[in-house]
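For reference, the chain that follows is the form predicted alone, supplied as structure tokens.
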């Protein structure tokens, strides 16, 4: 049973039993990770903050209906994924903070503020590589980005990612594979698609 090994499930069951401090503990344990996931889904920090609150509000409202049928993390990411998809499907999304850079899809890429503190070459290189990964990840399609993040960063199994994204395990495997391939191509500077031979250099891709 999940509740026997999952401390988060135990906290959620305690909250369902009336222990409000258990909910606070869950928020403290998961808010940071869930916020990073939401930021990569909607690509706007301010909106992600609002969606984080909405996600935990849904957790709070669901306490009487909660059943430990899966890992708490899977259940939580399912809620957050649904909240993010609802936001992305809105006819008129909240405008993100403007950035001077935009990715290949025309979406704003958040600017990274460089520290004024002196940095060693290693720190500069690590930051450069980290920024490159962030930009490349932001350029992936929504579902590839979500599947890759949940599987590679959060460590969910393909079946758990499938549950969180409301899709099949086979689809998740394909999404992760395509996401990793596209990410690798972008990071080594190889375009995902080459223009056909003979195409005009001034033509529209």
Partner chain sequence: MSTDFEAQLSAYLDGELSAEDEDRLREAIAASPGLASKLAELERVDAALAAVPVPEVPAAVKARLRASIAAQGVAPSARPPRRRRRSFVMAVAAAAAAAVLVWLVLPRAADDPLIAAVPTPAAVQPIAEAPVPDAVQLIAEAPVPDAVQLIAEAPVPEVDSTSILPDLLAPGDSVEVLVGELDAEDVAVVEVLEWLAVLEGLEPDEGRG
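Nothing here was measured: the structure is a model prediction, and the numbers come from that model. Positions refer to the first chain, counted from 1.
What comes next is about the form predicted together with its partner chain, which is not displayed.
Within 4.5 Å of some heavy atom of its partner chain in the predicted complex lies at least one heavy atom of residue 49.
For the chain shown alone, residue 87 is not a contact residue for its partner chain in the predicted complex, no non-hydrogen atom being within 4.5 angstroms. Though the partner is left out of this view, residue 32 does reach within 4.5 Å of its partner chain in the predicted complex, counting heavy atoms only. Interface residue remark: residue 70 is not counted as part of the site for its partner chain in the predicted complex, having no heavy atom within 4.5 Å. The putative spot formed by 78, 143 and 146 is not touched by its partner chain in the predicted complex; no residue has a non-hydrogen atom within 4.5 angstroms of it. In the predicted complex, 49, 52, 53, 56, 57, 60, 61 are the residues of 42-77 with at least one heavy atom within 4.5 Å of its partner chain, listed from first to last.
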